[in-house]
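First, one chain by itself in structure tokens, the form predicted on its own.
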Amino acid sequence: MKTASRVSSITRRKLLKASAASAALAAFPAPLIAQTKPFAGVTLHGASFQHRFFTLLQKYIPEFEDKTGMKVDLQLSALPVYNQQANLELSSGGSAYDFVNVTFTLATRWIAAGLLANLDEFTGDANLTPAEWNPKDFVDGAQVPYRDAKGATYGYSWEGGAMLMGLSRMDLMEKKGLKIPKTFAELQQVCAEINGTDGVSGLVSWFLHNWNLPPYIQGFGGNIFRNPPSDPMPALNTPEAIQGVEFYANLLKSAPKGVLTYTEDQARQAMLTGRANIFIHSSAWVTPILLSDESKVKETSRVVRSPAGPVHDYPASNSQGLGIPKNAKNQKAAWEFIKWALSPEISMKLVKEHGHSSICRRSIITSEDYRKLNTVNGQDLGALYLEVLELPGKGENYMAYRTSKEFPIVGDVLNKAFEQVATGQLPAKDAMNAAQDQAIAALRRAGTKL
């Protein structure tokens, strides 16, 4: 009987302790796992095109997964494939993706069609976005494509492209008494005089003419559309546009044979080896003449602003952004990923640990660490990059032609017309008159009201 009483007493004490423990848990209902792994069990599906940024980011994604509890399924494909797949998925109202790259040339179309979530709803909620994340830290010129007419934000830029001019053979220029060209006329003179000297081409370019050509059209006072994005009527056969086409076609007479089909890699290689003197393109493709271990021309190279036209100084710039589809199933988790991927901490890691310079956060670009890594031979490449990246956000957004939803159609027409001029098949006036007619007909077939 004593033994039975003792056992009963022990059992009651255990029950009392268990009850006390339960009461304590009830007082603090949020489980520890939920606090430390807020997205446990979530698989986040994202997509973009293949780019070094994502290759580098993937090195850190396991840390993000461990911190949040979610798994990240990031699908990367070639740019044309990605654009086609993402455009189909979003326009059909699908929900396969939780976050996507908002491609620069598709941004306006997706925003106007209501295919993306308004990110201001996330940045405006202090429970979802801490003040130090600071959405205003992103360079305004890089953010312009991801805003609607009312100023709402549908993407945040992870990649910036600022058109600069690289010169690889300053030694040859100095022998000939040539200075760095600052105007279109000076550019043509330098290219012509250097071309053929010691087997060096005056300049090099690549096959995407609807990226390389518009700064010359705009420099002479023309544009691709009459008044983008509000008026999408093509303006390919204006006197200014024809003058820009003629100028660029003449410029390419100082380029290597076959330049019309050159890839970006071929053009960059021509610069790294000093076989071409000038390359005007996004900073990431131009600055390797100073920064790359492959460069054989570091001591004779300079990187500067591209030359100005007689009417406008409009160097091309672009960006790529991350956004959330309107029908995404895991929007809060997607924002958590975007917030992390574009945070000041990750941005600085990419700069310091990998030399990745095409960041769009002003605080990073103007930091001492960034400046030290991107100042070569006394040239502050970061300052040049920031200067050009800012321009579309100041005054007129001259890059609006490229984010107009009609641009993919008109850009293809422009590519073909320019090749007819550059190969001597048609005079510029005839080619651009035909291009104007073709662009209008193609837009009307696509349902555009002109």
Partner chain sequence: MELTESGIDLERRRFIAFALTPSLIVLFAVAVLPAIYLIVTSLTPFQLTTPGSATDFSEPLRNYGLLPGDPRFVNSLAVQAKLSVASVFFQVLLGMLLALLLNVPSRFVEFARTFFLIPMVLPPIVVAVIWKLIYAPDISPLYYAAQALHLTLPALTSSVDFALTSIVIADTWEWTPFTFLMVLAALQTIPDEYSEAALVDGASKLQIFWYVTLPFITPILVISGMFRLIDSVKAFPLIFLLTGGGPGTITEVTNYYAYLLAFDTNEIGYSSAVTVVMLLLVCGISLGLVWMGRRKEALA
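Note that the structure is predicted; figures quoted are calculated from it, not measured. Numbering follows the first chain given and starts at 1.
Same protein, other form: the form predicted together with its partner chain, not shown, and the subject of what follows.
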| query | T43, E65 and M348: each with a heavy atom within 4.5 Å of its partner chain in the predicted complex? | reply | no
| task | Work out which of the listed stretches, 48 to 56, 393 to 401, 65 to 73, 410 to 418, brings a heavy atom within 4.5 angstroms of its partner chain in the predicted complex. | result | 410 to 418
| Even though its partner chain is not shown here, does Q436 get within 4.5 Å of it in the predicted complex, heavy atoms only? | no
| message | Can you tell me if I440 lies within 4.5 angstroms of its partner chain in the predicted complex, counting non-hydrogen atoms only? | response | no
| said: Just checking whether G196 would be counted as a contact of its partner chain in the predicted complex - the rule being heavy atoms within 4.5 angstroms. | reply: no
| field | 4.5 Å heavy atom contact, W110 and its partner chain in the predicted complex | value | yes
| Just one of R275, H356, K339, R302 has a heavy atom within 4.5 angstroms of its partner chain in the predicted complex, so which one? | R275
| query | Ok, Q84, T183, S363, Q189: which has a heavy atom sitting within 4.5 Å of its partner chain in the predicted complex? | reply | Q84
| query | Going through 249 to 275 from first to last, which residues have a non-hydrogen atom within 4.5 Å of its partner chain in the predicted complex? | reply | K257, G258, L260, T261, Y262, T263, Q266, R275
